[in-house]
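What follows is one chain in structure tokens, specifically the form predicted alone.
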Amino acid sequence: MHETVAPASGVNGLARLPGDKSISHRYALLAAIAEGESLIRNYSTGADCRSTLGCLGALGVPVAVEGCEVRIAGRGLEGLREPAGELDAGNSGSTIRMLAGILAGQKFRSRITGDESLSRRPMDRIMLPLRQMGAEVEGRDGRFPPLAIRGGALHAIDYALPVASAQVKTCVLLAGLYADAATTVREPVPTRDHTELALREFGARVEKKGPAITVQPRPALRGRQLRVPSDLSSAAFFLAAALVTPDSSLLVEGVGLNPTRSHLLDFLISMGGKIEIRNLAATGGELAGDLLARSSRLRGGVIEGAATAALIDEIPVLAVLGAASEEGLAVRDARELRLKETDRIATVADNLGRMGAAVEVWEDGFTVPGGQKLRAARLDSFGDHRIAMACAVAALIADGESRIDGAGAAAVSFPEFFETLRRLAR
């Protein structure tokens, strides 16, 4: 599937975006092992989150989906059943990594796999701590999906993450629910804390002291009624489009503004972006609010250290802003980008290069000089949803129509992306 995107004079109107992908995964997983029914409103429409629901159904969890509402009849910590076949995580690294923590505590064997892209993504970061806890976990060539997991009684561990990763942290904390004592995860830098907030909402005991997060075992989890805020990572593409096109005023409603995620807004504002936060409120432990973005003169910036971990999903679209800014964008400490759905350092550089932009690539990042004019080009998502959407933003400021091959990849997180873009961009 391909999409053609024409230059836009502005991005205007009101946008209501799908539920946050990260939060949707976590609510569904915890609802499955809680007691009683949970109702999750504004659940993500992305294929990744549907993969999580599919895996839960294969584990014997009753799941009913009606539009963006999901009802899950929880089966309790011990109520999952052995799947009849392989669990399919599709393209979702979140599904395979986080669900593995729960599977490690089950008294049966399971096997979880994914599509061709996911099968190339290393899983040793979760395999090591789960083995330390007593689970048997095997992968293809010792580190790739499919993963074969034989769970059972787990031991508590005090685990220092070698690399900041919210997914690995979540895997260990979920396994810790099945351990024989309190389990602690120590982060080198803070990552998104959706798991900690969701665990508390469902009734688990979680404590945070400095870089250490500790979960107590065998909690009495209870079903909940929760609403997922709109996805800030999805909103990032529309905010960027509004900032970089010349006559824009865009309001995005009900966006999740968790402090561990909202570094994006701080960074955009530091670049000179005109963004206002309105109607801030808390629901289910998560902050949400409306965002108003207007056309802006962008200076540029540097992303490195802890900021890289905080902005890792948004870096592809920030690279587009870098090219259009006055001073450009430099990204360091981002080796993690090479382990995403694609090598995002390479695929960002490839597509910007097709548009005539200069990009200097390093092993752990890149520099995009500012003040560059983008040419219309034939672009490629390489099967990566965030690359597809970043290409669309770049096409809005090109000198003619651009074609994006593999644009259907956007459905992994945001099936309605191109339809929404056509409605807002003129």
Ligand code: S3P
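Note that residue numbering begins at 1 and tracks the sequence as displayed. Computed from a predicted structure; not experimentally measured.
The form predicted in complex with this ligand is left out here; the points below concern that form.
- Partner proximity in the predicted complex, defined as non-hydrogen atoms within 4.5 angstroms of this ligand, places exactly one of 414-422, 6-14, 19-27, 398-406 at the interface: 19-27.
- Scanning E187, E196, E286, D313 against this ligand in the predicted complex with a 4.5 Å heavy atom cut-off leaves one residue, D313.
- A heavy atom within 4.5 Å of this ligand in the predicted complex is found for one listed residue only; from A164, L128, A346, V302, this is A164.
- Three-residue candidate spot S94, R192 and R386; every residue lies within 4.5 angstroms of this ligand in the predicted complex by at least one non-hydrogen atom.
- Shown alone here, R224 lies farther than 4.5 Å from this ligand in the predicted complex, counting heavy atoms only.
- Contacts to this ligand in the predicted complex (heavy atom within 4.5 Å) from stretch 338-358: K340 only.
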